[in-house]
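Here you get one chain, nothing else, as structure tokens; it is the form predicted alone.
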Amino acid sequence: MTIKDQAKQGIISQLIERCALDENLDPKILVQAVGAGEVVIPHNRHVHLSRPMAIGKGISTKINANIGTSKDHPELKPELEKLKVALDAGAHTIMDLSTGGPIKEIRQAIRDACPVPLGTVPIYQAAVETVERRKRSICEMEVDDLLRVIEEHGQEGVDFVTIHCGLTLKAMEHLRLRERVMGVVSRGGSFILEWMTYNQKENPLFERFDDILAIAREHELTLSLGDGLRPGCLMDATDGAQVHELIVLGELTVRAWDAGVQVIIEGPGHMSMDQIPANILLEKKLCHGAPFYVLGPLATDIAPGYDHITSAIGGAIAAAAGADFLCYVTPAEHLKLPSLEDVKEGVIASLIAAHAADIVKEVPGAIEKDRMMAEARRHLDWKTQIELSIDPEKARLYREEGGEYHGPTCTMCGEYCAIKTYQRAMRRGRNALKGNERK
């Protein structure tokens, strides 16, 4: 039986118990949510994760960090270093998006070093093999090769895979009816679109979805149903093509659940803040409450170099409205392959957004962290403040850079510290009150 099969029968496995403990949740509540498809636990049956993760309704918002080689930077070592940085910073899952170098060997090395759920986009490998090995164009990819690569990823221990199966011929009609500013910005989506237009055929990942479900069931692959038509700029958000794809993904979700396969729905993208809550509601309705995995969304398009911030703004709004899973965006987004520092900054920004949203969603234990920080600040307890920080290393560095950092206050206010002044005033008030009482 699959994880979902067991959960539907109310079987509380060790995996359910472990994730429930991590989430401060009753295992009975978690197993019910997994059975209903509102929560997923991506965990390939061929591996044992030391840090499994539950993703979905009623539990803490999770963060994914993308790493992976490119044709210009095919080396494995930097990506393993990024993996460590992302995990140390607090990423809950990792996706390997490699398109350069020996992709299979790179993926296996990342899998071996990754204690959390690992995701991939199999069509990347299929496309690279077609172009690099067979010297053909992407539109000449063989359908059987696509399925072979998906199965290969399952056999090798990948926990969740992005499958762009909602981009159909009918969805393409919407692209023709309303021309977009940015067109299609999903790399996997663009591969499928080119294949469909060249071959004048339906999306093979849509047509062969039952075969994909069989592979997913055999290897316990969670399907992350990709948004090949996600908006690449604010002007393209919430158009007919995007919504049509979401409707298709909702239909495929039910088919996957019937097959005992866990499902995540991927979402936008770039979107103005006022549209974000409506998009979350739309996904939850059309996709029957399946966990929603969003890239950002970026709340403005004019901040290259700072898109980890634009993403955190959109991500906080999205998660507060019910999104379950945030894909980080780094400062290097739209500009280059991220560095180690970019990876860390991206994870931290997303973690801040996720935690702020968890407070709104009343996730168990979320507000308690802020209460503890407030108490530490009230007592000018710098050691505890640093320990409670999302990024203790940076907090400690800033404290030390302040100069007289061993004193009770910081160098921003020094002797004019509002907290010290308030406490002094309150002590005087209490002493005055006691003096009056004695009189």
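Quick caveat: nothing in here was measured; it's all calculated off a predicted structure. Don't overthink the numbering: it's just position in the shown sequence, from 1.
Below, we turn to the form predicted in complex with a further copy of the same chain, even though it does not appear here.
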Even though the partner isn't displayed, in the predicted bound form is T197 close enough to a further copy of the same chain, meaning a heavy atom within 4.5 Å? yes
Since only the chain is shown here, I'm wondering whether E401 would be in contact with a further copy of the same chain in the predicted bound form (any heavy atom pair within 4.5 Å). yes
4.5 Å heavy atom contact, P408 to a further copy of the same chain in the predicted bound form: no
Does the 4.5 Å heavy atom contact test between T253 and a further copy of the same chain in the predicted bound form come out positive? no
Name the residue from V248, I106, A320, A259 that puts a heavy atom within 4.5 Å of a further copy of the same chain in the predicted bound form. A320
Residue (of A214, V243, A113, V360) lying close to a further copy of the same chain in the predicted bound form, criterion heavy atoms within 4.5 Å: V360
Pick from 202 to 210, 180 to 188, 114 to 122, 286 to 294: which stretch has non-hydrogen atoms within 4.5 Å of a further copy of the same chain in the predicted bound form? 180 to 188
Mind listing which residues of 303 to 328 have a heavy atom within 4.5 Å of a further copy of the same chain in the predicted bound form? A303, P304, G305, Y306, D307, H308, I309, T310, A312, I313, A316, I317, A320
